[in-house]
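Presented as structure tokens, the chain that follows is alone, the form predicted on its own.
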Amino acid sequence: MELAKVIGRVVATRKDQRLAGIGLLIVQPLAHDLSPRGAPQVACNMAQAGLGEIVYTIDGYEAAYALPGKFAPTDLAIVGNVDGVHAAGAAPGGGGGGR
């Protein structure tokens, strides 16, 4: 699992039917100190996350299992909202519309 911040939405007029009803969000991966790490990515929103929230994601083969029903064509899924991050060297707080 990795931390990320929701920075945008994706509107898709056409997508695989197994992704019907699944929202797509743009997330910025974060390091443990909540600084940006790597390039933004598109993720399936399985946690009703909103813009500006800190979330945790799963990637690869396991991401498809986070979606309901049949095996869906995805490699990144948001599986939880983060209420706070408390790690050595990290600023206190985070989550809930955070940083």
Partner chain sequence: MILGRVIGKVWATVKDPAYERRTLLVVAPLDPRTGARRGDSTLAVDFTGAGEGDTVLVVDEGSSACGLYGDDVPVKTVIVGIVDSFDCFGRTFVVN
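These numbers were taken from a predicted model, which means no experiment stands behind them. Numbering follows the first chain given and starts at 1.
Below, we refer to the form predicted together with the partner chain, which is not included among the displayed structures.
Undergrad: Is Lys15 close to the partner chain in the predicted bound form, meaning a heavy atom pair under 4.5 Å apart or at it?
TA: Judged by the heavy-atom cut-off of 4.5 Å, Lys15 is in contact with the partner chain in the predicted bound form.
Undergrad: Would you check, heavy atoms only and a 4.5 Å threshold, whether Gly50 touches the partner chain in the predicted bound form?
TA: Taking the distances in the predicted bound form, the answer for Gly50 is no, it never comes within 4.5 Å of the partner chain.
Undergrad: May I ask you to state whether Met1 is within 4.5 Å of the partner chain in the predicted bound form, using heavy atom distances?
TA: Met1: no contact with the partner chain in the predicted bound form.
Undergrad: Indicate whether the partner chain has at least one heavy atom within 4.5 Å of a heavy atom of Thr74 in the predicted bound form.
TA: Result yes; Thr74 sits at the interface with the partner chain in the predicted bound form.
Undergrad: Could you list the residues in 21 to 44 that come within 4.5 Å of the partner chain in the predicted bound form, counting only heavy atoms and keeping sequence order?
TA: Read in sequence order, the residues that approach the partner chain (within 4.5 Å, in the predicted bound form) are Leu24, Ile26, Gln28, Ala39, Pro40, Gln41, Val42, Ala43, Cys44.
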